[in-house]
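Shown next as structure tokens: one chain only, the form predicted alone.
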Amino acid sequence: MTSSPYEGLEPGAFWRTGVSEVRRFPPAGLYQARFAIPRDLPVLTAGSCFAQHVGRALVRNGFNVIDTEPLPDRIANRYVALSQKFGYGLYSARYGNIYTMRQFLQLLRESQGVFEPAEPVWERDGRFFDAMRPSVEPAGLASPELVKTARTAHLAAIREALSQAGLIVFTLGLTEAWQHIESGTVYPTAPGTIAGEMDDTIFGFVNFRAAEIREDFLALRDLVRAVNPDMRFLLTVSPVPLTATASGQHVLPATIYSKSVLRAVAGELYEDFEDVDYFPSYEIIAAHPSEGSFFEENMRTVSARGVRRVMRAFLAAHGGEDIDGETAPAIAASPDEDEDLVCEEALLEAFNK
């Protein structure tokens, strides 16, 4: 019988031995994987901008990341940055960034024929854009019919990716979004940011609460497990702060609120479901022991060094590497590691006058 329930706990259970006295941040053992991810397990990746880093690192280090809308290798390998601006090679299909759980749920429902988005085509200067992924055709298409034809093919690619996947890696990015008021359709960008026109009688701001995000995930989980009862989920929270907020608050507390809600939901889902794991990329980059050292000068963009530290911690659990080493042999280098992410939210800075 011990004198205290804290007696005999592992060093990581205490701040002094778990954080303040460690030689390098993040400390070893920060992430204990709930389940193994075999290198041949088909992985579907999705989420906010930071998820692009996760997906690239998984591919570079031998994980079987699905891509059902690829360009031919002779094009993709030669024009990496250009192809990514058109949404190729970022995720498991060409859906661009998915910032909210509601957006992800809508997408999978649409692929299964049980959801139809409102106002699906937006216009700008005589060109037409898929409102659900407006960034994947930077110059738009010549007609609404072409947008709809492209989306039909895209939804088929999503169904194929979902049928292959054994694991979904999803990065929670935002609680704030813009929606079609009457139908509740959520968009990845506000009307007028890339295309379309803002009309406050048609579109409105929403800041999802924890209960709503949890409910969306549970609905998504049911949908996915109807396709594959053995599907597992790995959740992360993006450490990237908001570019701008429409909440009426200062952007700093709005960011802390948003990330706190997402982290709380992810934590509860981890506690409640054995098929859900949580990887602490948010904590590694944004927690105060890192002293902001994993951000660029703007205190928003995650540096290449920060991405390497995140993936080193991931591979320590899934690839057997020692995260205390500055260079880990299994962390493959990438020529585009310092390239800007394809991130619609960053475009909001253009409205900062």
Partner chain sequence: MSRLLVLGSSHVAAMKQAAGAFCAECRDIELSFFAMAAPNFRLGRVGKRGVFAPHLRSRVDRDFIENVNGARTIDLTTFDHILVVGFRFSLSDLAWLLMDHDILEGSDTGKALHCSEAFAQACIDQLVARELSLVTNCLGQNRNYILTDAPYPAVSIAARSEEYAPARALSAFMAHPDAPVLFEYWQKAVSSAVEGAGYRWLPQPADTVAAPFGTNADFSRDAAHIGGGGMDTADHRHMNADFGLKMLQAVSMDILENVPDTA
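Positions refer to the first chain, counted from 1. Quick caveat, the model's predicted, so the values are computed rather than measured.
Keep in mind that the form predicted in complex with the partner chain is missing from the display, and what follows is about it.
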item: Proximity to the partner chain in the predicted bound form (heavy atom, within 4.5 Å), stretch among 193-201, 116-124, 255-263, 145-153; value: 145-153
item: 4.5 Å heavy atom contact, residue 83 and the partner chain in the predicted bound form; value: yes
item: In the predicted bound form, residue 78 touching the partner chain (heavy atom, 4.5 Å); value: yes
item: Residue contact check: residue 229 to the partner chain in the predicted bound form, 4.5 Å heavy atom; value: no
item: Distance check, residue 88 to the partner chain in the predicted bound form, heavy atom within 4.5 Å; value: yes
item: Listed residue that, although the partner chain is not shown, lies within 4.5 Å of it in the predicted bound form (heavy atoms), from 303, 68, 290, 61; value: 68
item: In the predicted bound form, residues of 122-146 near the partner chain [heavy atom within 4.5 Å]; value: 137, 141, 146
